[in-house]
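Taking the form predicted alone, here's one chain by itself in structure tokens.
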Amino acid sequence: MSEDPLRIAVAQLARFPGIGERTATRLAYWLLQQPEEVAGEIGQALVALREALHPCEVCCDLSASSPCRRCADPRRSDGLICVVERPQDIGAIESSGEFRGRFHVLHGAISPLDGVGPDQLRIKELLARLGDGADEVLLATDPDVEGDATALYLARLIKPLGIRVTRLAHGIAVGTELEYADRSSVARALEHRREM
């Protein structure tokens, strides 16, 4: 006897972050009430997402083109590189309207308990970029233990190269993931960044 398709759908939807079994059940029933093509369109969009997005050859952000639109934008300053943990953190920085530099995505933070060391991050790619006219690296990692450890590690690698290293100022609450910070907190943190 085969498994219940509704249970399978609920189990798969519950894999999304922040979606528990109750919400997953509500979503599954919502899908069942929609025209048949809606579920197919959602499924196709999710499959296309994985197939279409790849790391940018310059900044390692996820993009459909390489270099991505931000790296290809000549109006951005090559002298300032903002380092973030995740691709979605770029949106928080951009929404402040205060940043005109370039980005670099690490795709994580140093976390020995989770088995994530410097070699699992896009640090080599960052160091390779620093010879292209960068005079400041803004470390915009999360204000938590892993983010602080990553920022300290990067600062120790970058400072001997004669490049100014700054960190987002407080204004984003400790323990808050950057992507969930409000616009004014991010703008304040950018404005008051400090030397490492």
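The structure displayed is predicted, hence computed values, not measured ones. Think of the rigid core as the biggest set of C-alphas that the two forms share within 1.5 Å after superposition. Note that residue numbering follows the sequence shown and begins at 1.
The discussion below concerns the form predicted together with a further copy of the same chain, not included here.
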Out of 133-141, 146-154, 31-39, 161-169, where are the residues with a heavy atom within 4.5 Å of a further copy of the same chain in the predicted bound form?
31-39
Considering non-hydrogen atoms and a 4.5 Å limit, does a further copy of the same chain approach residue 187 in the predicted bound form?
no
Taking heavy atoms only, is residue 129 within 4.5 angstroms of a further copy of the same chain in the predicted bound form?
no
Taking heavy atoms only, is residue 88 within 4.5 angstroms of a further copy of the same chain in the predicted bound form?
yes
Exceeds or equals 2 Å, Cα of residue 181 between the shown form and the other one, core fit:
no
